[in-house]
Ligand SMILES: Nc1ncnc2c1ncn2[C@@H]1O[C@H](COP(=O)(O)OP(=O)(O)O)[C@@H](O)[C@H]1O
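Consider the single chain below, provided in structure tokens and representing the form predicted on its own.
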């Protein structure tokens, strides 16, 4: 069931359009992500939903009611900001209880609710701690509990993991998804991190320069990008301008690749993990000879940069014990690319 609808949302700052005719529908219980580079308009859209920013054109519907002009405090929406926006002069308990106290809830109700949500975010026993004594991950949990204690129907998260180190970010990502599933709360998550979006989301909206260019599941966004921008932004890819004719992609005067279809487009995209690297040529389409230029071991992956004449390709292999990944710089290798792995795209 649809919970939130955005219709023809437009917003400009100093004559620069930051959102242009955005239309989105978000379902109840969904974990929905706004993904895009910095300055693409995703945070502005989140603030429009929260009621902190008013659009120039368009409407925001919440539970079928037009709330475009409704003040932020009258919307049943919770928001966790990128910097958490905690009160440094209050302890953990008072930060979480702040909204309930403003609503003049009974003292017993406030205590029950604060305890409940501190336990939910695994901060039991932290109630008397000062905010300045907490780690980044603990502060993030306090900010989350402060929003959840108000029991909003919609939770807005503005890059809440961006201030954490890599290991803690991975941990919090899984905890956040587990918490959202447990509560069943509709969540909109803003990020520029593709891994976060692909890991957490039920659906993703990809933004480019104020325009929502694609909406889909993580699998759809990754495997069926609608254009070259999405393909290049979502994960690693080998993206080339190409001339498409007769089921072939002509990249330059020495490299032509067979395609699985004769779709029209200006670019081809090949994911690095879809390129097979071997010592010898195989009987298969799209066999290429190349020379290894760079090798980078990235934990579970090995990344190779391989030159095929003047064409540079990135190839990724799993770094497994049983698989021989002993290719070295300067070594001659053979590459194989299945036609179905080559996506034809427009700009």
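These numbers come from a predicted model, not from an experiment. Numbering follows the first chain given and starts at 1.
We do not show the form predicted in complex with this ligand, though everything after this point is about it.
Residue contact check for residue 39: one or more of its heavy atoms lie within 4.5 Å of this ligand in the predicted complex. Taking the partner from the other structure, this ligand in the predicted complex has a heavy atom within 4.5 Å of a heavy atom of residue 18. When contacts are judged by a 4.5 Å heavy atom cut-off, residue 286 does not count as touching this ligand in the predicted complex.
The stretch in contact with this ligand in the predicted complex, judged by heavy atoms within 4.5 Å, is 42-50, chosen from 289-297, 23-31, 42-50, 302-310.
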